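As a starting point, one isolated chain is supplied in structure tokens, in the form predicted alone.
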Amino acid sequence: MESLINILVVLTLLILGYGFGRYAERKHYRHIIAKEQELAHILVFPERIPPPHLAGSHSALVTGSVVISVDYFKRFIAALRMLIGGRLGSYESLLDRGRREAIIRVKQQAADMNAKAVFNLKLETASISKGQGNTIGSVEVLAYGTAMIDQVSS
């Protein structure tokens, strides 16, 4: 009887994790797409040196950080996948959302400074918490770069 209750608890957590995790992920992607469209006028480049036409601009450091956690269902699926190896698709969307949200926050900070572009964009990723069995629980993505602020608009 006790083992049946344990199985029901695990199944309930998996179903709740799947449902709420899927809802949260879709909601987050809708937010990301809307913010990316809103901030599309801020250009982002990985190059270290800005082009000559921005030479008279001020520059400032801009940063964006986000922490995202994976739901119980995806963690369970990833643990199963690790038994046989291969792509962990359940974690790919976690990192994709983290990177995109961190870049959005960089662009928002640059837009608040009336900047037109961000150069030397870098991304750092760290695992913040470990789940059971050292699986990934939460990740932090930090994005940073140099905002080029036009002297006329600053």
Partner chain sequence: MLLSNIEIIPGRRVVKHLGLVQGSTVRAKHVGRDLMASIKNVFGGELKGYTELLEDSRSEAIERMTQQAQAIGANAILNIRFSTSSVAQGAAELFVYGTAVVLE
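Residue numbers count along the first chain shown, from 1. The model shown is predicted, which means the values in this text are computed figures rather than measured ones.
The same protein has a further form, the form predicted together with its partner chain, not shown here; the description that follows concerns it.
K.L.:
Is Tyr72 one of the residues lying within 4.5 Å of its partner chain in the predicted complex, judged by heavy atom distances?
P.N.:
Residue-level check for Tyr72: yes, a contact with its partner chain.
K.L.:
Is there a heavy atom of Arg26 lying 4.5 Å or less from a heavy atom of its partner chain in the predicted complex?
P.N.:
Although its partner chain is absent here, Arg26 would stay clear of it in the predicted complex, with no heavy atoms inside 4.5 Å.
K.L.:
Though only this chain appears here, would Arg97 touch its partner chain in the predicted complex if you measure heavy atom gaps against 4.5 Å?
P.N.:
Arg97: contacts its partner chain in the predicted complex.
K.L.:
Given that its partner chain is not shown alongside this chain, does Ile128 nevertheless sit within 4.5 Å of it in the predicted complex, heavy atom to heavy atom?
P.N.:
Because a heavy atom of Ile128 falls inside 4.5 Å of its partner chain in the predicted complex, the answer is yes.
K.L.:
In sequence order, which positions of 60-90 have a non-hydrogen atom within 4.5 Å of its partner chain in the predicted complex?
P.N.:
Heavy-atom contacts within 4.5 Å come from Ala60, Leu61, Thr63, Gly64, Ser65, Val66, Val67, Ile68, Ser69, Val70, Asp71, Tyr72, Arg75.
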